[in-house]
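Let's start with one chain on its own, the form predicted on its own, as structure tokens.
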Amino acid sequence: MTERLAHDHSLPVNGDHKNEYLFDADLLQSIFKQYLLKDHKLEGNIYDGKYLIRPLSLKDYDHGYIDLLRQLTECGKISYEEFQERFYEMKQCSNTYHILVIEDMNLNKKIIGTTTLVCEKKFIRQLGVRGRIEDVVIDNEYRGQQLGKLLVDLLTKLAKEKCDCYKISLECKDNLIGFYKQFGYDHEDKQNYLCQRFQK
């Protein structure tokens, strides 16, 4: 059985679909309105209904979400069962993981963009919350439409207005510094990003 086969997504979904998504889609509504997007109870339709922005769903496994992430970095082989397990692990961490996806409404609900906001709860700053933007990727065939800009801006506003983050940061390559500066991101004095990787 390959990764792209359809699965039975029998979810305990209530009337407002809060169990279907990784996080409560209602958090996005006031932010969508700032963009004058066509309003919807759960989702934001953009570009005349061609695309849909919403939280990650289990169903996105069958619509190319992992394949999209492979355009960004190594993912390895991930079965549906593994995807489902990690999805619910994230979902159980309330107000921590906010993964947005862009769905192509005209191409079998293909996932063509995604971005992640991780909110880290701390003891410092009077039990403050620090946000991190990660895993920004737009499908190669859809670049040049400012979709990445839209996703980053939406999650930046979500971090500030709904998650009450005192700070939000991201990592990027040198050639993308100018892109992220337009959202108010900048180098901080005496701050360095260091990394240690572990081989499996």
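Residue positions are given as counts along the sequence shown, with the first one as 1. Values in this document were obtained by computation on a predicted structure and should not be read as measured data.
As for the form predicted in complex with a further copy of the same chain, it is not shown, yet the points below apply to it.
The listed set Lys167, Lys59, Arg143, Lys149 contains one residue whose heavy atoms approach a further copy of the same chain in the model of the complex to within 4.5 Å, identified as Lys167.
Although the partner is absent here, Arg130 sits close enough that one of its heavy atoms falls within 4.5 Å of a further copy of the same chain in the model of the complex. In the model of the complex, a further copy of the same chain lies farther than 4.5 Å from every heavy atom of Asp67. When contacts are judged by a 4.5 Å heavy atom cut-off, Ile112 does not count as touching a further copy of the same chain in the model of the complex. The closest non-hydrogen atom of Met90 lies within 4.5 Å of a further copy of the same chain in the model of the complex. Contacts of stretch 132 to 151 with a further copy of the same chain in the model of the complex, defined by any heavy atom lying within 4.5 Å, are made by Arg132, Glu134, Asp135, listed in sequence order.
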